[in-house]
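A single chain, nothing else alongside it, follows as structure tokens in the form predicted on its own.
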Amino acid sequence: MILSYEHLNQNIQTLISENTPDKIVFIFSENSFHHCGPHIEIPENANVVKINDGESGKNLNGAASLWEKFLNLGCTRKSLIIAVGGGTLLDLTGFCASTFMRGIDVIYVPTTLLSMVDSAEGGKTGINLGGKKNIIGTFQKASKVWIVPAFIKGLPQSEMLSGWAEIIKHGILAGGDMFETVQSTIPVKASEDWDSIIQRNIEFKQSIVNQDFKESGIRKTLNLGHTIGHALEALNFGKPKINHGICVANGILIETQIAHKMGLCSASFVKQIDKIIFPLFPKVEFQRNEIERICSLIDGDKKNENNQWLFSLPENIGKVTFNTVVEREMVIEVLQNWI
């Protein structure tokens, strides 16, 4: 649901008055509290919990810390959790809310472009373990997702690019007007176009998720760019300038090159995707001696079956295959050519 600041606060007040939760807990990151907190009218009887920014706290220790906070605050199944932040915060909070007492209602208020068009929708929660991204998690939709596009005005350009990468992915999958949108440069943060861009991307992702909530079929196409992207992200953990979306954008192009090597798409299609990704996104560099580490990370990808690497690969605009077996040697060849 697309809202203004005023309507967000009205919705919070209405929900609380209609449901009378026994505890109200707002979860912020330090950044989201600083930039977005001033726009939110927090009830006097609500509790505010702040967690660390970034992926460093999205692990078992971070989950245990949040569970303990729920426990110490006296949360029950009648409590209400309102998570205000980006995708990392929503992943962690959603996971903890879905498992504490086997489930507490949680509302997402995404504050980054990435979380608005992707992370908040679809009901995936997760934490990282052993260098593997989102390897522990649940399928549990938020009870509500309230989106305030005005929040993106305070984002750095790297965060805008992170969200734009997912919009590019949706454009490749959907084709039509959505692909036309990503062929032009990313709009300025103050653009009035963002409301409609965000809404269309939400509706597109919902249309896929509604067909395949547990990701047994068509929802796997949403993993385009993510097999390589997640490996690049893990390889560069701790480098804030190389965020999720930048890795996914690079992953989309690398996986398109893999598709071409396998005869699934044309050379002209690769050039078309290259033109969309670069020079808008920085190129994620790695050394030849890091390729084996990337392969090791792909070994742990959740999509793999029977010791085979399964990718979602593009054939053309509007056509992406899933469960495509890709040989290790093929990936290594493309990664070597990337250097």
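Throughout, we count residues from 1 along the sequence that is shown. Predicted, not measured: the structure shown is a model, and the values here were computed from it.
Missing here is the form predicted in complex with a small molecule; even so, the following discussion is about that form.
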The small molecule in the model of the complex: contacting segment from 284 to 292, 29 to 37, 270 to 278, 42 to 50, heavy atom within 4.5 Å: 29 to 37
Under a 4.5 angstroms heavy atom criterion, identify the one residue in G171, G229, G86, G94 near the small molecule in the model of the complex. G86
Students should find that, of A142, I82, C247, L114, the residue having a non-hydrogen atom no more than 4.5 angstroms from the small molecule in the model of the complex is L114
Each of E55, K58 and K205 near the small molecule in the model of the complex, meaning some heavy atom within 4.5 Å? yes
With the partner left out of view, is D118 within 4.5 angstroms of the small molecule in the model of the complex by any non-hydrogen atom? yes
Since only the chain is shown here, I'm wondering whether G131 would be in contact with the small molecule in the model of the complex (any heavy atom pair within 4.5 Å). no
Contact label in the model of the complex: S162 to the small molecule, heavy atom within 4.5 Å: yes
Partner contact for G154 in the model of the complex: the small molecule, 4.5 angstroms, heavy atom: yes
